[in-house]
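For reference, the chain that follows is the form predicted alone, supplied as C-alpha cells.
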C-alpha cells in the first residue's frame, strides 16, 4: 500500500466529516487517552473489558489514582487483545488495516503479535502524525504506517487485505458505505472484526442516555440490526457475535472513580444497565 500526501479537501467530503476531524484534532490533550497511554506507550482510543482488581482502590491515597490509571489501561489493552484474537491466523507477509486507527495502539499490538504489515487510516491529521511518530520511535515504521485518509474511500488496492477491523469507529460513518469499501479491500475469506456500541432495536429508538453519548462524542450511534443488514448487503458473513456489555461495565465504574472522568461515565453506565445500549464484537468473513 503506497503512502500518498492527502489534503483535507481530498479526505473530508462532508461538513460532518470536517466536524468530526476537528473534534479529534482539537482534543489533542485529552487526558483519558494520554494518561492511559503513558503507562506503557500504547495509546488507545477505545474502552476496556473485564473485571478490575479491587486492590487498586485500596492502599495509599497519594498513589490511588496512579493505580486506577494503570488498571484502566490494562482493561483497554485487554479489549484490543480480544479484537486481535478474532482476526484469525495471519502471516508476516499479510496486510491488515486499522480503520479509524487513532493514535495507533492496536496497530502496534497487531504487528507485535503477527509480524504483519499494518496500515492505519484516520481523518484526524493530528492522530496520524502522532501515530507515525510512535512507529518511528518503536522502530517499526517500515511495518506499521498511518495515513490521513477516509475509511469510506481509502484508495488502497482491491483484495489486498487479509484482515481489517474497526474499533469503536463505525458510529462516525454510514455503514453501507463503510462495508462496501471494506468488502472491496478484503480478499476472499478475509476477516473483518468490529467492536461497537449500538442501541437496542427492542427499546424502540435511542434512549436519553444513548443520545447523551451521541452528543458528547459528535457521533451517530447505529441500531444493532443495522450492522447485520449492512454486512449481509456487502458479502460479510458473521462467524462470531460476542455481547461484551456486561464485561465493559466494570471499566466505566472504575473510570468514574478516576481523575480522567469526563462526566459521560454515568450515561454509559445507565445505557448499559437499562439495556438500551449494547457493546458488541462481531467477526465476519468476506465471501
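Positions refer to the first chain, counted from 1. Since this is a predicted model, take the numbers as computed values, not measurements.
Not on display, but discussed next: the form predicted in complex with a small molecule.
Trainee: Within 4.5 Å of the small molecule in the model of the complex, heavy atoms considered, which of 148, 130, 114, 172?
Mentor: Contact residue from the list: 172.
Trainee: Ok, 213, 185, 152, 135: which has a heavy atom sitting within 4.5 Å of the small molecule in the model of the complex?
Mentor: The option sitting close enough to the partner is 213.
Trainee: Just one stretch in 242 to 250, 24 to 32, 65 to 73, 52 to 60 has heavy atoms within 4.5 Å of the small molecule in the model of the complex, so which one is it?
Mentor: Every other range fails; the passing one is 24 to 32.
Trainee: Decide if the three candidate residues 98, 165 and 190 all line the small molecule in the model of the complex, where lining means a heavy atom within 4.5 Å.
Mentor: Negative, none of the three is within 4.5 Å.
Trainee: Although the small molecule is absent from this view, report whether residue 234 comes within 4.5 Å of it in the model of the complex, heavy atoms only.
Mentor: Because no heavy atom of residue 234 falls inside 4.5 Å of the small molecule in the model of the complex, the answer is no.
Trainee: Can you check whether residue 197 is within 4.5 Å of the small molecule in the model of the complex, heavy atom basis?
Mentor: It does: once the small molecule is placed as it appears in the model of the complex, residue 197 has a heavy atom within 4.5 Å of it.
Trainee: Quick one: is residue 230 in contact with the small molecule in the model of the complex, heavy atoms, 4.5 Å cut-off?
Mentor: No, residue 230 sits far enough from the small molecule in the model of the complex that none of its heavy atoms falls within 4.5 Å.
Trainee: Check residue 126 for me: does it contact the small molecule in the model of the complex (non-hydrogen atoms, 4.5 angstroms)?
Mentor: No, residue 126 sits far enough from the small molecule in the model of the complex that none of its heavy atoms falls within 4.5 Å.
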